[in-house]
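A single chain comes next, written as structure tokens; it is the form predicted alone.
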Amino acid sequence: MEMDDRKMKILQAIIDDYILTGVPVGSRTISKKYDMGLSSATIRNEMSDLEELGYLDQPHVSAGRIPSAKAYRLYVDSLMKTGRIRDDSLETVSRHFTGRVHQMEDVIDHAASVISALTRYTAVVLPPKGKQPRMQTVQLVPVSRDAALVVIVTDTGIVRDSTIRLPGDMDSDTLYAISRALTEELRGHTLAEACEILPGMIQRMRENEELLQGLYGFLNERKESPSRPHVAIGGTSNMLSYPEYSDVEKARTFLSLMETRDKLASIIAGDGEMAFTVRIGPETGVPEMVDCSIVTATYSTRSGQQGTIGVIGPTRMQYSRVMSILNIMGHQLTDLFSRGDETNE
């Protein structure tokens, strides 16, 4: 028995209908809703063949059929139509990512929130991986008589800022001169390396020891920890609105997984070198996610580091829409992180 065009059309109709309704699909539904010129009996026979081929499951004897993981894989690879999202959804993404680049954690938290709101699924965003960000500029901007804003721009285009205390009256010209000296010494170094360099600068610049000690404390608190990346999650409770997760035990298992962020990061990272990755049901390799699908995409920083954005949803998720949204968000994040240096040079 082979998959011919008629079986493919019927299977696509079943998947489209089930994604929309979440209700097992019967032959009469397909006959009435989709103009195929086929009788209900013919469709029923084809559905039996599709079940035998492993593309359909029948949860109950008297119920209609639902797509299997094998069916969704065929759908994503061959049957899915290219999706378009509404202009107001595009505006939502753009509106949230205009203006100055902020701390990386803020950006990816925001991205997870926007993705989950647009897809109505659970979103996970991972920061760029690989080598640690390297400092490009250090600026000390006076905000009061006894405080200055520290602005550090890295090669990922991320700005890290905080306020440190100033010793007595220190004018803007002095702060500018110190900023230049810091930039010359620390450019190209990671935050951890900067913490090793600063004690030597403190020894040479005794007249500014108090200020530099404050800067050292600021950097020491923010040294990157590559073993524990920040994992941003948005819309965890979204999954509970789908009938697949009306079962209390299944919902509890999913929510428990969302709390283990290290494990979640390893799951989402997956095959990070691919532009898009779609893992359906058992393909996730995670028993707790056997009824879920994971769609991921990548984004890049100016220095070539790659981060991952992902959506977790039921296997009947709207794959086309999800991929369109991730594509747009990936480009937005890449543009954002790429222009960071340009706007601060």
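None of these values were measured; they are calculated from a predicted model. Just count from 1 along the sequence shown to find any residue number.
Here the subject shifts to the form predicted together with the DNA, a form of this protein not shown in this document.
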Can you pick the one in Met289, Ile280, Leu38, Leu50 that has a heavy atom within 4.5 Å of the DNA in the predicted bound form? Leu38
Work out which of Ile325, Ile10, Leu333, Val25 lies within 4.5 Å of the DNA in the predicted bound form, going by heavy atoms. Val25
Touches the DNA in the predicted bound form: Lys33 (any heavy atom, 4.5 Å): no
Residue-level contact is defined here as any heavy atom of the residue lying within 4.5 Å of the DNA in the predicted bound form; does Gln306 satisfy this criterion? no
Given that the partner is absent here, does Gly64 sit within 4.5 Å of the DNA in the predicted bound form, heavy atoms only? yes
Using a 4.5 Å heavy atom cut-off, state whether Arg44 contacts the DNA in the predicted bound form. yes
Could you tell me which of 294 to 302, 52 to 60, 312 to 320, 281 to 289 sits within 4.5 Å of the DNA in the predicted bound form, going by non-hydrogen atoms? 52 to 60
